[in-house]
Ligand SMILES: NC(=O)c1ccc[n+]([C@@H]2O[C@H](COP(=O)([O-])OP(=O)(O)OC[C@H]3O[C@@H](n4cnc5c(N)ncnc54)[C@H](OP(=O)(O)O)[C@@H]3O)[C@@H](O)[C@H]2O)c1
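Below you will find one chain, with nothing else, as structure tokens; this is the form predicted alone, and questions on how it binds or moves follow later.
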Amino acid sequence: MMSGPARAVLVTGGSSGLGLEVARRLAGRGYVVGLMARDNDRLNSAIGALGGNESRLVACRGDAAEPADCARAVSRVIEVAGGLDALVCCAGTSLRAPVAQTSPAVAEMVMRANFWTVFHSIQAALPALKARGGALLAVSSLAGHRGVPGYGVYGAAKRALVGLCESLRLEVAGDGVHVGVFSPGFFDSPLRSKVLDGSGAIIEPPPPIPFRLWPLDLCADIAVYCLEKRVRRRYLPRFVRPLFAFDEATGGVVGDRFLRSRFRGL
């Protein structure tokens, strides 16, 4: 657990899904929690769902893909708590479409939602995290570590996130700042009903998933554990780590065949 008289965390994408559940758990552990999201009504609803304590919950309306909004969110949390101990990057959107059928505008939007939100929130929060030897956790995806049919653009955004965090970890090694990445597979969240196609339209009904759907509560528990225990990298399920090693050792031939058989219909 991080030390300090008033531990504080900023959670991007904090108004719903994984971000909200992470915020709920950290609030229960005594953190001052800043929730950052674009929609004011959903943000206020989330604050109310967490108890509405104005001294412990900070509504930070803004777009995490905008540097100025991130700077204001960090400043707001510091204003309330006196500092910032942690950043959890949960903002994002989901896309399933072949690369050839994804419009450039949608590709840019997905990169903005899944990568630039992390980049800009990290840049805004880093000086405060250095001041307290804090920690940050970014939520990636298994698709950010291995190519999957239909997830080329989404996976590229998540892989960029991983590369950013791995380089940042080395850059801040002497500053006492921890950098972690949590990469889950499919999990139950509001984004499951808002998967976009290559034109930016919501796919209805949502595309079927070929693997287990993990509970949202489990993902939130793991995310908080990774943050507080300063875990560098965590996958869900954990057994994919040796599978990735096997895939690399075999040149990806077996993995390609397996994934093509699971992700059909594109």
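Source: prediction; values computed, not measured. Counting begins at 1, following the sequence as shown.
What comes next is about the form predicted together with the named molecule, which is not displayed.
Within 4.5 Å of the named molecule in the predicted bound form, a heavy atom is found for not a single one of R7, E54 and G134. Figure note: of the listed segments 188-196, 71-79, 123-131, 162-170, the one touching the named molecule in the predicted bound form, with heavy atoms no more than 4.5 Å away, is 188-196. For D221, no non-hydrogen atom is located within 4.5 Å of the named molecule in the predicted bound form, even though that partner is not displayed. Proximity of D39 to the named molecule in the predicted bound form: non-hydrogen atoms within 4.5 Å are present. Among residues of the shown chain, P207 is not one whose heavy atoms approach the named molecule to within 4.5 Å in the predicted bound form.
At a distance threshold of 4.5 angstroms between non-hydrogen atoms, A65 is in contact with the named molecule in the predicted bound form.
Residues A113, N114, T117, V139, S140, S141 are the members of 107-146 with a non-hydrogen atom no more than 4.5 angstroms from the named molecule in the predicted bound form.
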